[in-house]
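A single chain, nothing else alongside it, follows as structure tokens in the form predicted alone.
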């Protein structure tokens, strides 16, 4: 029976860490092929400013051209469109294949939340799981360190492998990893810094040809006005204690910032989502990065020169970020909503 790996992701962009992980796992687990499957839209990732699904697919095709004997580009999630649920993809592969056994490759960060994936138990009926860990990261020492939902599926565990009650396995592979992440690469590209050695040359050339990962500043224009717009919109949504600061004369990662809070995590996430939609409508951009949207405790929207912090109010009182900016210039928050 052929042993085939499945490696999915947004690949925004494909980088050498992805490639190193796949090649290492193929050697350690004796995989004959790995299907590399770019997602159309990850269920765990919010919409951010960047390349289209088709452009991400093209980066994968170009970047893996030298590895085609082992790494096979699979475009089924791009063609299917919509949210890319792993269970649907695996069923579409496994139900139509004979003489092949599949292993789904995930990182330790994904493994930690695996029991929150759609139909995770159904996934494990069709595939083994291979979990990779970067240098310095510890593999689970026992079942107490597994995601709670997985524990009841495990028959036995010896530290390097878990045997599931259905006969499939969870295997752990320690990587000698390339120290790079897609988030780091995107930041370097937007700051116009070199990414040589971090992404394949073919990917780097495509990014340049297509003008991908350009900073959003050209579309936003004057960030002081943009900051006032965001603060005014949040004020109009009855956010709690909206404050805006000009940090341009201080040593902070952004030039401007807005901070506000909601009465619940649900309200905080809803305010953040509404602001993202409003900015997209007016300025035509999504944030460069989003953190914390699903939890709603502390949502960060990164628009480059302006970073917006939306807190659940009790969490805001715990962190007191405003005190970091006590020497910064306070900006006027429009009281009747954002100005045009």
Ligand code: ATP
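Numbering follows the first chain given and starts at 1. Just so you know, these numbers come straight off a predicted model, no measurement behind them. Only the largest set of C-alpha atoms that superpose within 1.5 Å between the two forms is called the rigid core.
The same protein has a further form, the form predicted in complex with the named molecule, not shown here; the description that follows concerns it.
- Residues of just one listed stretch (149-157, 264-272, 127-135, 239-247) have heavy atoms within 4.5 Å of the named molecule in the predicted complex: 127-135.
- Proximity to the named molecule in the predicted complex, defined as a heavy atom within 4.5 Å, holds among 182, 195, 78, 164 only for 182.
- Proximity to the named molecule in the predicted complex, taken as a non-hydrogen atom within 4.5 angstroms, holds for one residue of 220, 175, 93, 259, which is 175.
- In the predicted complex, residue 190 stays away from the named molecule, with no heavy atom inside 4.5 Å.
- Contact check for residue 106: a heavy atom falls within 4.5 Å of the named molecule in the predicted complex.
- Contact annotation: residue 11 falls within 4.5 Å of the named molecule in the predicted complex, judged by heavy atom distances.
- Residue contact check for residue 110: one or more of its heavy atoms lie within 4.5 Å of the named molecule in the predicted complex.
- Superposition of the core reveals a Cα shift of less than 2 Å for residue 58 between this form and the one not shown.
- When two forms of a protein are overlaid on their rigid core, residues whose CA moves 2 Å or more are considered shifted, and residue 29 is not one of them between this form and the one not shown.
- When the rigid core is held fixed, the Cα atom of residue 300 travels 2 angstroms or more between this form and the one not shown.
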